[in-house]
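Take a look at this single chain, the form predicted alone, given in structure tokens.
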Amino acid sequence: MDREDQRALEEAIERITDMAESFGLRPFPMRYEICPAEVVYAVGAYGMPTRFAHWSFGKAFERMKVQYDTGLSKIYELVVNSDPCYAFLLDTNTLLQNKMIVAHVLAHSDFFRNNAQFSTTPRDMVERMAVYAERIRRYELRHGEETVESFLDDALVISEHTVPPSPVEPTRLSRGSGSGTGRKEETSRPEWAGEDVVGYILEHSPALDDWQRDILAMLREEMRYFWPQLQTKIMNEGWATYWHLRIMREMDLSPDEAVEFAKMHSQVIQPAGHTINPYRLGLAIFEAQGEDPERVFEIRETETDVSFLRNYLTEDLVEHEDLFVWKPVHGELKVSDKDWKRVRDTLVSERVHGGLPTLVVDGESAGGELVLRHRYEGVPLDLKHLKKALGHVRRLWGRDVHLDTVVDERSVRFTAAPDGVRSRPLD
């Protein structure tokens, strides 16, 4: 963007912010950064502008950059759940693209601030992750980069298997109130205790040194920060799309700008084939609520993707969006069911636990071996990934690790031992 466009964007940001607030949105104070593609994709790969270095993040960055360089995909913006809220805009965006993106990220910021799942996430996580990164760098100097990286390889494999932060009860939230001041401990949600695999290893592993426990605790807090985003992907993107559409319609666009915006918006919500486009589906559900602002704001405040789909994905929406259940048949994807309730229930089941498999700690054997259980809900584990991951978990535990799951409708136990991973039926 040249200087003239930057000045025009600054004026547009002020107007779009005023318009968003007039509609009832209450975002955090915003900080906009216009950045080259390398910066935007680095933030996308690391999940945060200040996160520690690891080869897996670099791999993700290279994959994103190749897709950008070859024209296969393009990220126009990234927004961070923080107070103030940081939005990173691509410097190759047109002025009109950036106007739409500003409206979009303002709605994301409103969602971060007011959805119950985010109510206890730390809003200073940018600064916290910078501190975490510095601590990890110090451990690298003390113990060696290869030693620390090897431990990170083990810890990142299991990092997703912790519990989401306990949200403030929705009735305690008021529009625009921001995050809660108190933070509940995990003990207030005992039904989740067994699912905190990372927390259990952190507290009970006989193999970890103090520095390793410190790193594992940092990774656990980072994952708990990201958890609400996994739980509300469809809602969050639908909410941002719902409001960028309404705000841009109120802008005095020229005929050429109106055509350009229509093209951009259609690209955002185009069907995604055999997968769900969260922008499209979320927008459709919010628009189906009619012109009742109280209703859409209440949904935004209290729901997750699971309840959002279960409560508001109707027969009319399933038919209008041409949603269906598919399965692979002889190497091809075939429609297997179009009954709207089964389509809805399938989508709901895919969003349970953020779309991740649920592992629980079943305890320890007499010999101190860790016993985990996959809470099977019809979707089998990826056995190739499972066998590799169990080896990492064994190194974290220091003794054999068992995982019980279901394979081909039969209960099976996988065991990670010094000589590799083996399996045996439990039936």
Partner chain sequence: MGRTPFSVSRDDWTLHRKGQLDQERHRERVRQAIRERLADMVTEESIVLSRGGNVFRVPIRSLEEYRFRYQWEKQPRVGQGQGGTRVGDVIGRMPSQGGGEAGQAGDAPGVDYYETEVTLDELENLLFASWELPNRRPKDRRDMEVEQVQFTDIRKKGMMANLDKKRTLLEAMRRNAREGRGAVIDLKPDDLRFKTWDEVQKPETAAVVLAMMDTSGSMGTFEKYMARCFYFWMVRFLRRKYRRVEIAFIAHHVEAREVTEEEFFSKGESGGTRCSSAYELALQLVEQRYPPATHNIYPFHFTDGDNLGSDNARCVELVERLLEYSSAMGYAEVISHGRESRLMDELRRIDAPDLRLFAIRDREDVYRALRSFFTQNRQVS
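This structure is a prediction, so every number in the text was calculated from the model and none was measured. Positions refer to the first chain, counted from 1.
Keep in mind that the form predicted together with the partner chain is not shown, yet the notes after this line are about it.
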Which pick from 300, 99, 108, 161 sits with a heavy atom within 4.5 Å of the partner chain in the model of the complex? 161
Just one of 226, 312, 211, 326 has a heavy atom within 4.5 angstroms of the partner chain in the model of the complex, so which one? 326
When the contact criterion is heavy atoms within 4.5 Å, does residue 146 count as touching the partner chain in the model of the complex? yes
Close approach of residue 114 to the partner chain in the model of the complex, 4.5 Å, heavy atom: no
Taking the partner chain as it sits in the model of the complex, is residue 293 in contact with it (heavy atom to heavy atom, 4.5 Å or less)? no
Given that the partner is absent here, does residue 88 sit within 4.5 Å of the partner chain in the model of the complex, heavy atoms only? yes
In the model of the complex, does each of 35, 38 and 334 have a heavy atom within 4.5 Å of the partner chain? yes
Where, among 285-293, 244-252, 304-312, 343-351, do residues come within 4.5 Å of the partner chain in the model of the complex by heavy atom distance? 343-351
Residues of 354-373 having any heavy atom within 4.5 Å of the partner chain in the model of the complex, listed in sequence order: 355, 356, 357, 358, 359
